[in-house]
Ligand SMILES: C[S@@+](CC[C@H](N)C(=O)[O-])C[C@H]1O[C@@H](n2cnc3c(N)ncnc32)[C@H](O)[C@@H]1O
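Taking the form predicted alone, here's one chain by itself in structure tokens.
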Amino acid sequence: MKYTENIDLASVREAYSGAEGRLWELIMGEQIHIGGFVSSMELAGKAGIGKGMEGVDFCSCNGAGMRFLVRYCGVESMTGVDATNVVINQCRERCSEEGLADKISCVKADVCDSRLPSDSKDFVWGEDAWCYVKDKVRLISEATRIVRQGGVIAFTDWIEGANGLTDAEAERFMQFMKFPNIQDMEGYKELLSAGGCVVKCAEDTGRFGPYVDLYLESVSKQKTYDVLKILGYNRELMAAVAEEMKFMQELAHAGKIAQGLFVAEKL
């Protein structure tokens, strides 16, 4: 696992309370993760998430993942855990607007210390967001604590790819993305196993490169003005962000970063 300095939970809160959070939603859609609906359907299918289940979404952001699970997988209830007021308020407002407030609730907390009851849920869910969590040992431990015996931990995340990052590449990438560290495939498998789970699925989805291509093309061909508006109409700042996105694109196509998909069952 690669680490960087000076990135903590406060950095992530700041990012998702302002222009950065709005920018990612513009570029990636309300489901702010690689693959959107397709990725969510694949993860839910491989995890066996379905009708009548109760779950928790760690780093739930605006709640799009929870609304997806209730609408399309028949999940009975979801609890979102996030530490940023702005996205918690967005989640509550959108769930109310869509008539789902009776099935979805939000808790403001650190996902490493959610204070939710032990052995109380059928699954813990996450989509491309655990890369923002500094203490991944406590993160996985907390997820395992919450699910019942036989329950499932199902998540996608941005990870170091099979071809590895140099220290310089990792530093640049993590500073841009506000990641305190970046885990790899084997690292997550080891954490899940050490936490008392059997790993059912751990794979590279293969989506990272093609989807970054899509995001950059969308911005350059259609959403330029929208991005400029979020960035205060600052073309130099937009060019700087685009340069970092292109660097991320290069890393993805070189197999140095990836979207990992993980499903584990609590023993």
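For every residue, the number given is its place in the sequence shown, counted from 1. Computed from a predicted model, the values in this text were never measured in an experiment.
What comes next is about the form predicted in complex with the ligand, which does not appear here.
This chain is displayed without the ligand, yet in the predicted bound form the stretch 58-66 from 42-50, 58-66, 201-209, 237-245 comes within 4.5 Å of it by heavy atoms. Within this chain, D82 lines the site of the ligand in the predicted bound form, having a heavy atom no more than 4.5 Å away. Among residues of the shown chain, A101 is not one whose heavy atoms approach the ligand to within 4.5 Å in the predicted bound form.
Interface membership of E160, defined by any non-hydrogen atom within 4.5 Å of the ligand in the predicted bound form, is ruled out. At least one heavy atom of V12 is located within 4.5 Å of the ligand in the predicted bound form. With the partner omitted here, the residue from L192, C95, V133, V147 that has a non-hydrogen atom within 4.5 angstroms of the ligand in the predicted bound form is V133. Checked against the ligand in the predicted bound form, the residues I32, V219, V70, L231 give one hit for a heavy atom within 4.5 Å, which is I32. The partner is not shown here, and in the predicted bound form the stretch 146-173 never reaches within 4.5 angstroms of the ligand through any heavy atom.
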